[in-house]
Every structure is written in structure tokens, then in C-alpha cells.
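Next comes just one chain, in C-alpha cells: the form predicted on its own.
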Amino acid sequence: MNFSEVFKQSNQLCKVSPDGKYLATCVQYRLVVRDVSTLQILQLYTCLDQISHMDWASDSLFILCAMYKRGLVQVWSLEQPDWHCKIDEGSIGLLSSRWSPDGRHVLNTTEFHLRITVWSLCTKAVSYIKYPKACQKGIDFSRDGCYMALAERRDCKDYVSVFVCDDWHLLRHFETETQDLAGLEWSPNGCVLAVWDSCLEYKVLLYSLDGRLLSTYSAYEWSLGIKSVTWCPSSQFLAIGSYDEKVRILNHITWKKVTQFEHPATINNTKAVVYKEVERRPAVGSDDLSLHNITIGTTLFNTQSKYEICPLPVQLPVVKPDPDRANPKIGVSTLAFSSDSRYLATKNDNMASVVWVWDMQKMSLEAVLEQTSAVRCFQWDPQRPRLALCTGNTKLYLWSPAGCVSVQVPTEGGFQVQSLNWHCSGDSLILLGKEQLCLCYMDTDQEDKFFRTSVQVAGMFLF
């Protein structure tokens, strides 16, 4: 495992192009495009103001930079650096901006969700879509890029409109049986649209492409309901996380619950492996305390950590939420399936330092990772069943079916990992700090050997 040097970034705006060749980062009002393999700067663009949002086109030929405060969007071309496009929404304002799947249309949502404006880069044509609903996830494109589903609010009722992305004509428009629609998401195969209600009512609705209601699922009533929803990559399962600290799994044939995963404070499951992060500070000799070693910002005083396999039963740390505050820190807020649909990773908010890994073939708990700090972010390797996570400190954590490791990020100045993203090849990770980033390069053969060794000895220190 190797690490690159540290680069500047702002607002954690850093993305790899869909083809995996380029790395785009934003530094204030500048957009920097690097070659992923060499990290050499290929293009440097200057925007009109500080960049609020940045996104790649699907074919990696264009980059969108949005400046929400000024209601501006600028589009840059990698093939023709002199070409650029400026979109000004004017006094109506700009709330969000994104690409269409073809990479040739820009969709801008205006302030107060008054409308969505579709701008064509090829013909300069402009289309308007009225009544977009302000909700958690009100717009989603099918995986093949053919259709767009949009949540709408008209006459105090929720609707869904399905548009064809080729020419943006309306394919279907239907009312949903929701009190306050909170989000929608296409299944990966594009056959089913999942729609769910706000947290005040537990209700999930499954619709076909032509607007037929296939099924309705509700686990309980008169209590806080759904907090997170995600499809597995194979479209076979729909996972629903809720405020009752459970994940319910629906199957794609009958749309009934096949199992539910609970997040108890005490783990007695003999088939699950519980990894606990244990910290220790290195012994510092008098020779290491020279002024030079201290001032150059070395990792001399960094806390080292390892994972230990805990004997069962294990008591996990639980934080009791404040009932007098809105949006209580309780319930399953994060769900993520591995790329092969074999594993599901979850996080229960009142156990913020714990990540749960479930085996979807056995429908049982596979592993539990108990960290010393709250987990900020976790993400699956897009090519293999390997989970990366960070907790806002100077370490990177990795889990695979073979074991669990803690890796110190060897950068000067105490680089604290706030977020992370995998490269599409799975060979590298982008680690994001508050104002910096670095790349972590994986050596798959060495990783596999280390995972096997770490399981045999239950845990080890990495420097």
C-alpha cells in the first residue's frame, strides 16, 4: 500500500472521471484536472466565483462547475480547453445542478424548487419542468440513462413523472399514495421504481415503468418510520433502514419481507466476528524529542491502532438520543451493498462508532467493526468485497472477508481523513481531509497476504 503526496482541495470537491483516467479537484475558484496515473496537471480552469459543486459528464469529456450564490454554471471541455459554456439562471436563483445521463444536457433546479431548467449543450435549446418537489431525493435516472423519474407536488398531492431522456417528453404521470413523498430510486435493472414516504409514516411503494402500483410495504404505524433506502446491485433485494434500529429486506418477486437485521447493544451471535479497534501511543525516546523532529510535523506522536477479535458476548457503546431535539440520532441512516451483492454494510446512528456487515447469502451477521471514534464515511470497493471506512483521524480502515486492518496515513502535518472515494478500478482510494487530499494505492496481492496474516494473529500494528 502506497500513498501519494498531499494536494489542496476545497469543500471536498474531488472526483475521478467515469472512465477512470482523470482526477478533478476544486481549489476555491479554480478547477484542476490531473492524470490519475501520474498526478500531473493536464488542465487548469478559472471560474467566475468560488465553486459550490462539480460533476463529470458521463463520457468524461466535460466538467460542470456550479456557483450557487451567483446562480451560475460553467461547463469546461477537456478536448477543447478554449471552449466553455456559461449558464446564468438570473434572479430566479440556483439550488442544484447536475448532468443528464447523455452528458449533453444540464439540469438546473431553481431556488424554492420553482422549476427545473434543461439546457442543451448541442442545440442550445431550453426546456422547463414545473412543480419539482423539495425532498430528500426527488430526481433519479435509470441505470441505462433512458428514463428520469421526478417527484412533483401539485394541489397538496404527490405525483411522479417519468420522462424519456432523449427528447424529454413525458412518458407517464401518476399520483402516489404518499402523505409526504421523501424520495424515489430506480432499481439497477430499471424495471421498478421505489417511492417512500417521509419519516412520519413507514410506507414504501413499488411502481412499474408504466406507473402501475406493484406493491406497498409498511412495517408499522404511529412511530418514526423510514430513514434510508437502497437497492442491491442485482436488483434482487431492497433494503430499508428505519428509526426502530432495524433493516428490513424485501425480495423482488413477491415484494415481501424475507428477513430483518437488528442492531442490538449486546452481540451474542456466535457466527459473527467482532473487531474492536485498540489504540496505544508509541514510546518516545529522548533522541526523538529534538526540535527538528517536532517542528517538521512528523507522525512521531500519532496514536497507533490495531484490531482485536473480541470474545462473545460483546457490549457495544450506545448513545441515548435527546428526545427534545429534532432529527434524533437514532436509527439506520446508512446502507451500502457490496458490488457483488454478497454483503450489506449498515450504520445505526445511536451506535455511531460501529459498522455492521451482513452476509446476504446466509442472511446473517458476518462482522462488526467497533471504532474508537464515530464513523464518518464507509464505501465498498467497486470491484471486490472490500470495505473502506474513516473516522476523521489519521487512519484508513479496511475490511474484507479475510480480516480487518488499520493503516496509518503517512503524511506530514497530521492528515485527517474526513471522507473517501474508491477509484472505479478498485486499485486506489481518494482520501479527503478538510482542505487536502491524497491517493492511496492498493497492492492487491500484498493486501490479501496481510489480511490472512491479520486473521491468524487477531490484529497487528501498521506503520
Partner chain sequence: MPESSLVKDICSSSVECRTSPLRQFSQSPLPLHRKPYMLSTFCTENNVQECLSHISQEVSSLGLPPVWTESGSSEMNVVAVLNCMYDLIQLHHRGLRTLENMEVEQLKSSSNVNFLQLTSTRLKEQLEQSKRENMGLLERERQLQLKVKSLQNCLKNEKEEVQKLQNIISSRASQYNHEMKRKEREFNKLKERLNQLLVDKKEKKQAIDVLNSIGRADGKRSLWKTEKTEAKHEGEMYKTLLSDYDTRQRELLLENAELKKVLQQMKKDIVSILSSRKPLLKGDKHQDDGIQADSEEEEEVFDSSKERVELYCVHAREKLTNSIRLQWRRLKSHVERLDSQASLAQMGESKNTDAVSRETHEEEMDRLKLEIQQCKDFIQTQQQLLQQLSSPCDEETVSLLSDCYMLQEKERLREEWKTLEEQRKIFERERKNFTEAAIRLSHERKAFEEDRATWLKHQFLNLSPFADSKKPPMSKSKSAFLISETKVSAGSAPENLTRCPSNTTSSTPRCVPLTSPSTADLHRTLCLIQENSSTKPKRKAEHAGESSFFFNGNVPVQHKEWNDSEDHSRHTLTKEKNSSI
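Not measured: the values here are computed from a predicted model. Positions refer to the first chain, counted from 1.
We do not show the form predicted in complex with its partner chain, though everything after this point is about it.
Although the partner isn't part of this model, could you tell me whether Thr117 comes within 4.5 Å of its partner chain in the predicted complex, counting any heavy atom of the residue?
Thr117 belongs to the contact set for its partner chain.
I'd like to know whether Asp167 contacts its partner chain in the predicted complex, with contact meaning heavy atoms within 4.5 angstroms.
Answer yes; at least one heavy atom of Asp167 falls within 4.5 Å of its partner chain in the predicted complex.
Although its partner chain is absent from this view, report whether Val247 comes within 4.5 Å of it in the predicted complex, heavy atoms only.
Val247: no, not in contact with its partner chain in the predicted complex.
Flag Asp102 as yes or no: does it have a non-hydrogen atom within 4.5 angstroms of any non-hydrogen atom of its partner chain in the predicted complex?
Result yes; Asp102 sits at the interface with its partner chain in the predicted complex.
Which pick from Phe62, Tyr68, Tyr45, Phe415 sits with a heavy atom within 4.5 Å of its partner chain in the predicted complex?
The option sitting close enough to the partner is Phe62.
Tell me, out of Asp381, Glu370, Glu89, Glu366, which residue has a non-hydrogen atom within 4.5 angstroms of its partner chain in the predicted complex.
Flagged contact: Glu89.
Name the stretch: of 387-395, 263-271, 229-237, 317-325, exactly one has residues whose heavy atoms fall within 4.5 Å of its partner chain in the predicted complex.
Only one stretch passes the 4.5 Å heavy-atom test: 229-237.
If you check in the predicted complex, do Lys21, Arg143 and Cys199 all have a non-hydrogen atom within 4.5 Å of its partner chain?
Per the other structure, none of Lys21, Arg143 and Cys199 touch its partner chain.
Where, within 403-432, is there a heavy atom within 4.5 Å of its partner chain in the predicted complex? Residue list please.
The stretch does not touch the partner at all.
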